[in-house]
Structures are given as structure tokens and as C-alpha cells.
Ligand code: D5M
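Encoded as C-alpha cells, the following chain is the form predicted on its own, with no partner shown.
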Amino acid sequence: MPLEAPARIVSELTSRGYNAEREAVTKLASAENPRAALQRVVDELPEDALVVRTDHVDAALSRADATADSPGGSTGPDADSAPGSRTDPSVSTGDAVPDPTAADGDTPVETKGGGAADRSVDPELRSLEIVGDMTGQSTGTGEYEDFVAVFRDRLERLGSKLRGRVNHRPASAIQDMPGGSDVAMVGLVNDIRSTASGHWLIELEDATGTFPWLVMKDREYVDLVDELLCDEVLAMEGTLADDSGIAFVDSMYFPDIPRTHEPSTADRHVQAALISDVHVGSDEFMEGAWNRFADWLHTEQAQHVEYLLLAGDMVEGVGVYPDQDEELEIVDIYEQYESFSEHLKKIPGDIEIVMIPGNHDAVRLAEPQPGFDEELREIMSAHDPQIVSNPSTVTLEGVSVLMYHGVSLDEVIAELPEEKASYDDPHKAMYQLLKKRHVAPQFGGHTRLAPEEQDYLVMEEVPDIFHTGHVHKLGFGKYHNVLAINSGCWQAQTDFQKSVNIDPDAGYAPIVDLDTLDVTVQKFS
């Protein structure tokens, strides 16, 4: 099969407004006359069809064969049988895909794999479930009582993971205990400050009041103070001072991921591509890299990729940062989504897609962010993606993936020491969120938070995979057997990023084997 045939077929179908299943593309590319076969399929598609499916191709080719076998029938020469033989290998992290002749916006050739393979997948083998989608369920009005309710919910749910580990007492009860007593408390971190002597004073708050805890500078766990954020839930044990006005900390506990956590895996060899931050509409959107990624998904090498998870920022948006309009190729937000939809059509139609919004998308900035409205969903309907809120948990064949765009990572990296959280190692900042069992614990800072009836940002259950984006850096690793992946971006460095010293990791696609949770990174830039 000519190597460029699948890529050309996908491009032609996309230009006509259709998405296509991988096996359908394979069969069209393998036809004696791919161009004629494609035209016949398009001519015979139902009027309401958006995806070219395998059965459409089978029916059209069967009728074509019947016509050719009839008296006087002929198939004619195959004008597309040998369009070229250029190959560009898809590679792992560190090596670029060589394409010295193509500009970034050019239609790329197909990557390594020798052409598309038979990708017929029994739909019964697939399983996709969504948990925690709050789209359409927003109840917050911004009233004081709403904020009280969401913090009470946070304390109750995360506190329940700590109360079995300490003999906790409410703040009001601790104040009435005699000096020298052993005490423990579960609460929200209300304040963190150092004393004149170099010790640390941590004020915990629960539903009954606040109480101060002193962490001595010479204790072995004093380094944990560097990891604390206001409003996270914590447990402390210690001894009351003689006047009962303060407690000296002997130990502290985070909700954390149990060290005994055993992740679930799929029962068969199946893969998921985890990406984010496409930023269509930006001058720096890497169209060529995206095309190479989409073409690679049609190859034999990607035959086991059956799921695609996009963690926000499908488009560049409008008015997100100062003078952004000077860096926009598409200035209308709806036209940005229409362009994104066209790029999404290049993804094989038999891949299941799940999307959450990000801070550049046309949804509210405050988290949790509901999924897109009906108008935007209609624009992106060709591929029929599952569009859910930020954050949400998607379970793929038993493997739970917590998807969160990742705005709070900026705050974690700014607040914590570099060795514990940095842009160069974004997965380490994700470890901190796993430890706190909350995707955005600090209120009132960089991350905008909306009060709801419950705190949708709590990690109630331990995920098997934690997937974020936002910071445009690639990083992955495991924390207590939870795979944390920040997936980079598809946008080259903008002037704004240069001004804040961000050097993005662009054009990467982390591929996760759901049966082993192993990660392979493909680079297309």
C-alpha cells in the first residue's frame, strides 16, 4: 500500500466534512482505485452521516465489484496506486520526526508503521464510564453560605480519611483540655507563619473554631511545612502547652494516597493517547505536528490506540492575557472551535474521545468548569466526543483516569520549594495534589474556585492515572503507584511565554498501555 494513501484519504474526507474510522481508511487505501472508491463511498453516504464507517466502505466496494464483474464493466487504471514512498519515522521522546521539506502547516506524510492495518475492534470489548461530571449541575450563587458549605464538605470528606489515624478532637474541645494533654485535630490549614525564633505556627480550623499548632524548627518533619498550602485538610498530633493555648506538634498527616494502592489494569492490550493544550487559533498552533499525530493514529503502529483524552485548552481563546489578539490567527472564538473541529476530524473515527475544558476555553474560569454549552458541542459533533467537566474521572476498561486541566499547578509551583514542584518536572507538582487528595486546595490565590453544593475538586477515590495539562511541559512518573502525566502541548512558544520564561514541550503524545500502565511518548514536532 502506498505510504501516503491513508493520509491523503483522511485529508480528502476531512475537506468534505467527514471523519472516518481507521478500518474504513485502510480499506479505501487498499482498494484498486482509492480515489474512485472514496468518491463512490461519499456519493452513497446517508445524508445525515458524519463519520465514514467500515460498513459504508464495504457496501460501496461490493457494489463496485459487482459492476466490474458485469458484462461491459471495468475498473479502469489506478491513478493513485503509487503517489510516493516517503517515510518519516514516529519516534520516542528526544528525537524529532525528520521532515526537512515540509513547512509546519503542510500536510505531513504518514509516519512509521508501513501503512494502516486491520483495526476492527469489537465494541463489546470497550468500556468507558464518566464519574464526577458536574455539567448542568452548578448550584453556586456566590453567597457566603455557599462558601461555607463547600469547605464543610471538603473537611468532612477528606477529614474522614484522617480521623481513623488520630484520636481527633474538635478545636473547641481542645481549648478546654488541661495543659500537658495529648491532643489531635483534623482541620483546614487556616494560616502558616514563622515565629521570631524560626519555628512554624500552623493554625487549623474546623467547624467549631481554630487552634494554633507549633512546629519546632529542629524536628525531623519540619520540612513538611514547606509543602503546606492554605485550605488543605491536615491532621496533627501533639502535646498541649501548660496554659493549653497552643499545641506542640509531634506528627502530621496528609489524606494522601495509600502506599498499598494497587492500580487496576485492562484485561487486554489497549492504549490511550493523553494530550492537552491544542490551542487552535493561535499563530503558534503546530498544525504540521497535529497532522503527523493524526496520520500516525491511522498506522499499524497505533492500531491499539482506542481512546484519546484531551485535558483542556482546545482553542487559544480570546482575551485570556494582555495583547493576546496580536498572537491570534483566528480572532473569533466560534471560528476557533470550527477550526478545531476540522482538525479533530482527522483523528480516526473509531477512537473514543473524552474532552474537558481549560482556562483558554469558552467556559467559566472558576473551577469546577462545566463542559461546553450546546452551541459549542454542536460545532464539535462530527466525532461525537464525550465532553465533560473539569475535573472529571473517566474509567477506561477498569482503569480510572482523573482528568484535570491543571491551573492550580501554577500555584503549587509558586508556593513550594523548587525541588518539590517545578515547571521542569510538572509531575512532581502533581504528586503534591495527590498527597493532598485535592486538585486545587488553596482558595483566593491564582486559581479561581466556585462554591457548589459539594467540593467537586476533592479526590474522593484514588485514580489509577492522573492526567493534567496547562503548564505546557511534559512529565510523568508514579506516586504510590498512581501514574501522573502532564502531557505538554501543541503550541510553539508565544511572545507571552517568552516574557514569562516558559519553554514549552510541544508536539508530544504520551501513549499509555492500559494493561500495564507503561508509557511511551511519541514526538511529532
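Note that residue numbering follows the sequence shown and begins at 1. All of these numbers come straight from a predicted model, not from anything done at the bench.
Omitted from view is the form predicted together with the named molecule, to which the following refers.
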**Q.** Touches the named molecule in the model of the complex: Gln497 (any heavy atom, 4.5 Å)
**A.** yes
**Q.** Distance check, Gln303 to the named molecule in the model of the complex, heavy atom within 4.5 Å
**A.** no
Q: May I ask you to state whether His467 is within 4.5 Å of the named molecule in the model of the complex, using heavy atom distances?
A: no
Q: Decide whether Trp200 counts as a contact residue for the named molecule in the model of the complex under a heavy atom distance cut-off of 4.5 Å.
A: no
(Q) Given the stretches 33-41, 455-463, 55-63, 470-478, which is the single one in contact with the named molecule in the model of the complex, using a heavy atom cutoff of 4.5 Å? (A) 470-478
(Q) So the named molecule isn't shown here. In the model of the complex, which residue out of Arg292, His298, His279, Lys436 has a non-hydrogen atom within 4.5 Å of it? (A) His279
Q. Of Gln432, Asn359, Gln442, Thr135, which one comes within 4.5 Å of the named molecule in the model of the complex, counting heavy atoms only?
A. Asn359
Q: Would you check whether the named molecule, in the model of the complex, lies within 4.5 angstroms of a non-hydrogen atom from each of Tyr321, Asp410 and Tyr423?
A: yes
(Q) For the stretch 299-313, I need every residue with any heavy atom inside 4.5 Å of the named molecule in the model of the complex, listed N to C. (A) Asp313
